[in-house]
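Here you get one chain, nothing else, as structure tokens; it is the form predicted alone.
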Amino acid sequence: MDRERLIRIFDRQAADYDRKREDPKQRRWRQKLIGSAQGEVLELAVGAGANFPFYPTDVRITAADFSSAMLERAEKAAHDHRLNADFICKDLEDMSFPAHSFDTIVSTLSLCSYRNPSGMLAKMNRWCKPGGTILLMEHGLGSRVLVTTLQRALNPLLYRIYGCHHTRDIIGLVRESGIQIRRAERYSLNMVHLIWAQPQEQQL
């Protein structure tokens, strides 16, 4: 799928993403994860700002997304929650920051849509400061045969409609990237992963 079409898909979903901020399960997962953020934060694929209610008030956020419609809603959410946030509208896979720019990097439900998720994880590893934190909430392949069979069968259709893949091995991708997983939890038939991690540099 070409990039412009993918952006249009997410632009159309902005209102739905705004409503999903009230989903009780997602709110619990986000609250559990995002409270660990500190310092200078980079949030990738910020969407409509669903994580914003759960950030500590003293963080400074750089929020990026390729959908201007999503960013409009995220800016309003940042204002409502009195967060110190700057916004970047750009294809995330084309973005660049100096190494070790951020204390915390946050990605929630975004690895599903990248052309090169391994490349994005490598960037997170590079952009995060030694001793920093990488926080991920991602969905991918479950662990039950019936579920994974259904996911693989429906994946082409779901990608055309929603712009995201449902068949990525999230834990495998993170481990292959060199990012060091400190803690991981799984939910919803093991399809949703909450991951607290640190950049590889901390281990050197």
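Keep in mind that what you see is a predicted model, and the values were worked out from it rather than measured. The first residue of the sequence shown is number 1, and the count goes up from there.
FYI, the form predicted in complex with a small molecule isn't displayed, but the following is about it.
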Notebook entry, point to check: Would H79 count as a contact of the small molecule in the model of the complex, using a 4.5 angstroms cut-off between non-hydrogen atoms?
Noted result: no
Check: With the partner left out of view, is S110 within 4.5 angstroms of the small molecule in the model of the complex by any non-hydrogen atom?
Finding: yes
Checklist line | Exercise: V41 in contact with the small molecule in the model of the complex, heavy atom 4.5 Å | finding: no
Note to self: So, E72 and the small molecule: in the model of the complex, are they within 4.5 Å at any heavy atom pair?
What the structure shows: no
Next item on the list: Heavy atom within 4.5 Å of the small molecule in the model of the complex: which of A45, L135, I61, I170 fits that? Just give me the one.
Entry: A45
